[in-house]
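Here we start with a single chain on its own, the form predicted alone, put down as structure tokens.
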Amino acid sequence: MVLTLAAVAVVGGCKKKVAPPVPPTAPPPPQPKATLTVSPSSLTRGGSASLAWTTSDATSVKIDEIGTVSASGSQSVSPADSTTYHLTATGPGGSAEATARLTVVEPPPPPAPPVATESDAELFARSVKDIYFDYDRYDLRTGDATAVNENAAFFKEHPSIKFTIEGHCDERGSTEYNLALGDNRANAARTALINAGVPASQVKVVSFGKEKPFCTESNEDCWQQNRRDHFVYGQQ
């Protein structure tokens, strides 16, 4: 019996010890997530857009074009040129990136100022030249042929413009004589224009003789100014 107990004691003393259980491994920290948007995505230079972002599991959030920002938020931006905004979210689990593109376009050019258009009366006043006469004469002088031809060309280019030729004289001579002389002068110009192709219906004549002088001094320079055919826009 002693031997048996000894054998049991030996067997019992050789039994292996059981190791304690291994504690479970902690899960890795979550990977950060990030979104970045801009609205509108295109604007005219000088305008503004809203840049918005959201992140999770991040301890540091940075937008390159702005700097460090909160984990989520928004900000008004107004870049001078097209810009790609770049966000980086960093946390224990790593980092995440997001981008948003804002396109900046040039503003349209300002509208051209309205083109000022001359009225027929203004065009007439700028283009039509008076014709002058020698003393006591109503025949057209050779030197005035250019003015007659230029007037005729203008009236043919503007057939809707009707006009009146006023015959004028200097102060010398009777009223009746100068009215007749002024009439002859006006009709001499009318005939020359019609011969040059101006429709007769476009032109009317009237004589004022010496009643409406352009110059009131009694000298040759003044009298020459009064011996004229004056062209007037419209017909009375």
Partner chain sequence: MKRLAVLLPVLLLLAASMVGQDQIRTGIGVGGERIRIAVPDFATATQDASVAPLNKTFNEVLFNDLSAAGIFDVASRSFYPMGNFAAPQDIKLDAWSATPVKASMVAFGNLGVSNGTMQVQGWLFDTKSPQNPQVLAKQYREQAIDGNARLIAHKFADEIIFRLGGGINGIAESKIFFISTRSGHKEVWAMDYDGAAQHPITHLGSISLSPRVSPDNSRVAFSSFYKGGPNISVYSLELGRMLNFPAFGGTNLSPAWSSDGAHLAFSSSRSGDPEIYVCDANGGNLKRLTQVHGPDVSPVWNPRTNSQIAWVSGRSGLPRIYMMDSDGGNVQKLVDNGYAVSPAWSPNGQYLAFAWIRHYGPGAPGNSDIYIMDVVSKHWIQLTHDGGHNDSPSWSPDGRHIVYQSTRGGGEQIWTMLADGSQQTQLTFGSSNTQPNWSWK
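For clarity, every value in this text was computed on a predicted model and none was experimentally measured. Numbering follows the first chain given and starts at 1.
One more form of this protein should be noted, the form predicted in complex with its partner chain, which is absent from this view; the next part is about it.
E118 falls outside the set of residues with a heavy atom inside 4.5 Å of its partner chain in the model of the complex. Shown alone here, L181 lies within 4.5 Å of its partner chain in the model of the complex, counting heavy atoms only.
Its partner chain is not shown here, and in the model of the complex it never comes within 4.5 Å of any heavy atom of S50. Although the partner is absent here, E211 is a contact residue: one of its heavy atoms lies within 4.5 angstroms of its partner chain in the model of the complex.
Checked against its partner chain in the model of the complex, the residues S39, T44, S174, T59 give one hit for a heavy atom within 4.5 Å, which is S174. Only one of the listed residues (D136, E150, E97, E122) places a non-hydrogen atom within 4.5 angstroms of its partner chain in the model of the complex, and that residue is D136. From the list 51-59, 65-73, 29-37, 181-189, the contact stretch for its partner chain in the model of the complex under a 4.5 Å heavy atom rule is 181-189.
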